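Okay, so here's just one chain, in structure tokens, the form predicted alone.
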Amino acid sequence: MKLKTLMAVTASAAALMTSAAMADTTLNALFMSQAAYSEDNIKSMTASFEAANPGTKVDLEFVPYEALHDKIIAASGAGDDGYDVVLFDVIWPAEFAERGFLTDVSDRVAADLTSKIFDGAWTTVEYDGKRYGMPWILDTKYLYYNTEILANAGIETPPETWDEVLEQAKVIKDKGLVEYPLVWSWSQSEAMICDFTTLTAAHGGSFFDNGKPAFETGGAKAALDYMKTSLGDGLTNPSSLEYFEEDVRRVFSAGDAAFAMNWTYMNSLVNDPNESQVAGKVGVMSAPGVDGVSEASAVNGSMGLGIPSNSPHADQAWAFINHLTNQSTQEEFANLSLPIWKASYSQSAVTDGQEDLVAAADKSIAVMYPRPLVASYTEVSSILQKHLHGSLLDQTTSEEALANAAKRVARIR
């Protein structure tokens, strides 16, 4: 009898220990501290997940976007000590899938979700017919403009084409309203590639044709020519060559620019009196097109959430991803990043107070243009960054820069 009692107690204790071990699961999650959702947003989302899942704790790590890619790669060799959830850019699934860094979650995605989420969002996590996560940040760059500066310049409507952007910028500069009407994030970084992609799309250009570089002529060359002209004519702030997105927001928020290209998150912040001197004087629109070529232009700057292949907690990681990406969570935090869900755009929680942004998104999402979706994207981007930036510094002509970049890219393709 005593033996049976002892065995029962031992079994009960073992069950409790197993239960405790399960309850002590800690997820390591990697995010960026740059654009889209703020750190406070993500911490709030995480707190609500932990409250609903008392057996799981999430340790959050925030890094600049520029460190995100290499952090994911470095952690892939860390075994169980790596990350369980990572934020990744739309340009990385090809590389990460081919190198085995991300888990194929195709079987985890409910079939009815496909039609409920924008097609452009799904491309963020897809490669070779498989899905490697859930889309989370549906984003592109918009053209922001200072309505007061435009009015003082006698400009009644915002520009409809990229040529009109330069024309209006010249009027504003000639009237002495601001020294440099345009501000961009053209540092030697991915931020510059996003603006170059937007302008390339507007001019009808492409990056590759049948697997070979095609950006040395046509619309891509026209895009670089446009960038150089805006600098040469004194319309673009020359410090743009050192700027990232937050620098653009700072300059525009101070009233020192009439036009700025930036992501969704800027809309809320430039209209916040605690963050901006131009609150209430800001318009936002889809990036314009080129007469006879396009009506609008947009880069696909979306991002997804995935599970690294070495995560020992795939089930809990997927539960966390589902919480972050579900419709109600996204609608609650829609002021810094618009939802991936089609139905959200009829909800007042999303549209109220940001009607112009939602209207711009409706136009931009339909024309989002991808950066090259190739496994060697990191190398391709690095080459383009170097040669584009050098040309913007007037070290080379557009022709020389793009031809040299094309030769380098052809060697790694």
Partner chain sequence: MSAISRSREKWVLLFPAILVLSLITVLPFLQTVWTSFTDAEITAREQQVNWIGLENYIWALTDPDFLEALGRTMYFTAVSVGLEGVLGIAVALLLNQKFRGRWFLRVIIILPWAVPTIVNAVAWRLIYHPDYGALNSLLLQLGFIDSYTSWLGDPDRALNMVILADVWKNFPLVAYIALAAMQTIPGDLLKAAAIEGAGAWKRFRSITLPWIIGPMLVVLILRTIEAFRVFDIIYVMTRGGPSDGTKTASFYVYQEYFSYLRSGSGASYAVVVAGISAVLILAYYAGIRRDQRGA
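Predicted model only: the values in this text are computed from it and were never measured. Numbering follows the first chain given and starts at 1.
Beyond what is shown, the protein has a form predicted together with its partner chain; the following relates to that form.
*Asks:* Judged by heavy atoms and a 4.5 Å cut-off, are 38, 105 and 322 together in contact with its partner chain in the predicted bound form?
*Replies:* Answer is no for this spot.
*Asks:* Is there a non-hydrogen atom of residue 66 within 4.5 angstroms of a non-hydrogen atom of its partner chain in the predicted bound form?
*Replies:* Result yes; residue 66 sits at the interface with its partner chain in the predicted bound form.
*Asks:* Evaluate residue 73 for contact with its partner chain in the predicted bound form, applying a 4.5 angstroms cut-off between non-hydrogen atoms, and reply yes or no.
*Replies:* Yes.
*Asks:* Can residue 97 be called a contact residue for its partner chain in the predicted bound form at 4.5 Å between heavy atoms?
*Replies:* Contact with its partner chain, yes.
*Asks:* With a 4.5 Å heavy atom cut-off, would you call residue 239 a contact of its partner chain in the predicted bound form?
*Replies:* Yes - in the predicted bound form, heavy atoms of residue 239 and its partner chain come within 4.5 Å of each other.
*Asks:* Just give me the single entry in 26, 347, 382, 48 that has a non-hydrogen atom within 4.5 angstroms of its partner chain in the predicted bound form.
*Replies:* Residue within 4.5 Å of the partner: 382.
*Asks:* Only one of 56, 351, 33, 378 gets a heavy atom within 4.5 Å of its partner chain in the predicted bound form. Which one?
*Replies:* Spelling it out, the residue with a heavy atom inside the cut-off is 378.
*Asks:* Tell me, please, which stretch of 167-175, 239-247, 337-345, 112-120 lies within 4.5 angstroms of its partner chain in the predicted bound form when heavy atoms are compared?
*Replies:* Stretch with heavy atoms near the partner: 239-247.
*Asks:* Who in 270-292 is close to its partner chain in the predicted bound form, meaning a heavy atom within 4.5 Å?
*Replies:* Heavy-atom contacts within 4.5 Å come from no residue here.
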